[in-house]
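Provided below as structure tokens are two forms of one protein chain, presented individually as structure 1 and structure 2.
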Structure 1
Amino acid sequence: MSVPSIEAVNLSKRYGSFSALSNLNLKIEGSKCVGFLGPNGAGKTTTLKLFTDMIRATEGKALINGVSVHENKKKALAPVGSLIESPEIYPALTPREALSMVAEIRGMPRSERKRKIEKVVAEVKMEEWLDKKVGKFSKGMKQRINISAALLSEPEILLLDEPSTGLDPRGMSEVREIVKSLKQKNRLIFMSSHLLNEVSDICDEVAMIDHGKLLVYDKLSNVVSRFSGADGGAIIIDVGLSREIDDQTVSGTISSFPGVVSAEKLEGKNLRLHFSGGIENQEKLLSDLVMMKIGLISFHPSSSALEDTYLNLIKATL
């Protein structure tokens, strides 16, 4: 039994004296979504381009399922769908034709092409535009087609470089839902983003990079609890409920759970917990909340906690 994997081994990229990526060692295995964070020019896109052979490494190797991307690109990229830097599609082609080209390149049987193309185009809500020329599309519409091209072959591994770029809020939300649905289908998703709420919402793990160097790679909750720095290491957890909860339960019962520093009701039916107590206590907290039968529907570290973590880590390298 093998699992999808991507691995950077001493991966470096230099442009003259400028080091875009320095000695990156990172191995990601299994079905999960990993957010790749860092400021502009940190080396995120450089890393993704090295994994798709768009640029050549100065040193080191980019491996996909153990196969070197540069030495055997066809084999390495066979199980990969990618979206790097909002590509343009030949303006005279229609989405159906552009996606047919990708399908043929990837060896998709003729009998499946039409159905799969229509399916992925429906996923990105572009059915009405399937037979219109791409040249007339807005940036967001092109990005939707690019996303559908990455999904077309149902790849085991998805490499996405800021997939929400150019999309309106509805489009961003749809992309998040698409990525979430892919997680249910045993995919490895490695996604760079500047949108911390997006990463917080979708990803199980995060890798942070700055000045071409990897700062951290771990589970999202671990990273947040180790590096957020707020309240002596406390993290913020947003809890979503399906019904109203009374103040007594919040300030009494929930605030007294192990690790909970404070609990507050937010607008609507949400709670915000300041929590300090490690991953085991977090697991227990979730279990306790479920046992309370208060209509728990979501439980995740808030984007502001990730933002604190991000700013702390990036500030440290300035």
Structure 2
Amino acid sequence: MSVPSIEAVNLSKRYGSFSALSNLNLKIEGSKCVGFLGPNGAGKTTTLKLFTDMIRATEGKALINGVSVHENKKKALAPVGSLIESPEIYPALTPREALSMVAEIRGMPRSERKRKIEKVVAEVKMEEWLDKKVGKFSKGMKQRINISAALLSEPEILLLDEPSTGLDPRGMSEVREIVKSLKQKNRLIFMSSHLLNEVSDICDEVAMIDHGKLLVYDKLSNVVSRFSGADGGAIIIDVGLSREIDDQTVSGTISSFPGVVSAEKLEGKNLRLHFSGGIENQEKLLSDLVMMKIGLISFHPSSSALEDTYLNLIKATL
């Protein structure tokens, strides 16, 4: 069975003398979540619109599972669910009615619609609102219904354009938790964002873009270790725990692990480790922390480390 993939081959989009995207070459394969990171106007939405054939490329190709979106749109987009920008839902409709319209447009058999609509609404935790009018929903609730519409065809590839932008903190948190849950469904998720903490919290890999050009694409931890500019090549790792941990365990046991330069407790049940070592050593560190049975629930490069990386790379393009 082939793995899901998206690929940009010399992909460019120009509007007169303005280049929105310049010779983008990027291939992503497998079930994972990849953050597409860059400042406003960097070319993120343009790229996603090219992958969904909402706009046509000036040069190059956008391929989904090896099929050109421009040359065979129906076949290329069959396994894809997308949420580009933030489409509005008619306020007089209920989620069931709005999603029924989407299902009909996508050619879904009438006999399957009820089951699939209820399934995707459950995925975004909106079951109790299924027959309420959308006009009474918050922005976060509307966005969750938009995500459910993208899931309606049971896609193996999901393209999300800044899904939490414009939401209040609660709405942002809800959408991020939903995206995290979608990672468990063996999907390739390609998610644009300009929010560093969002990418650090959700994504496995990151592609950075600025002024329409790709700067880097790699595993999140590799990008941070290569470009953060931390002293001695050290990176910062944030560790989340399910319960409190005593100071002696942090300053004694954890600080003594190979590669750990320093360890500190943060507010709540979180730790921050300054670590020097490659990805293999990080794997060993993660294994050691699990063996301690201290309630480990998350382990990822710190958003502050990603911010350092981001600023170093963006500065180089100015």
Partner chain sequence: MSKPSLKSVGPVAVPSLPTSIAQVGTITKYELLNYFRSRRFFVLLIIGIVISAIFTAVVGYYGITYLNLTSALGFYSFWWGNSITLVVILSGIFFGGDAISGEFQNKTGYFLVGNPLRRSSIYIGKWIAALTASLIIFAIYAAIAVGNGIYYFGTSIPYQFGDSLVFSVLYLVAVLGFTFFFSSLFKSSSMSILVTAILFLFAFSLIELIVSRLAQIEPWFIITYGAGIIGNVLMDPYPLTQSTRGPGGREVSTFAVSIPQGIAILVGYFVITAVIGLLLFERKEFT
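Think of the rigid core as the biggest set of C-alphas that the two forms share within 1.5 Å after superposition. Residue 1 is the first residue of structure 1, and the numbers go on in sequence order from there. Note that the structure is predicted; figures quoted are calculated from it, not measured.
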| Form predicted on its own - structure 1 or 2 | 2
| With both forms fit on the core, has P95 moved 2 Å or more by CA between the two structures? | yes
| said: Is the shift of I294 between the two structures large enough to count as movement, that is, does its C-alpha move by 2 Å or more after the core is superposed? | reply: yes
| After superposition on the rigid core, does the Cα atom of G66 shift by at least 2 Å between the two structures? | no
| By how many angstrom is the Cα of K139 displaced between the two structures when the rigid core is overlaid? | 3.9
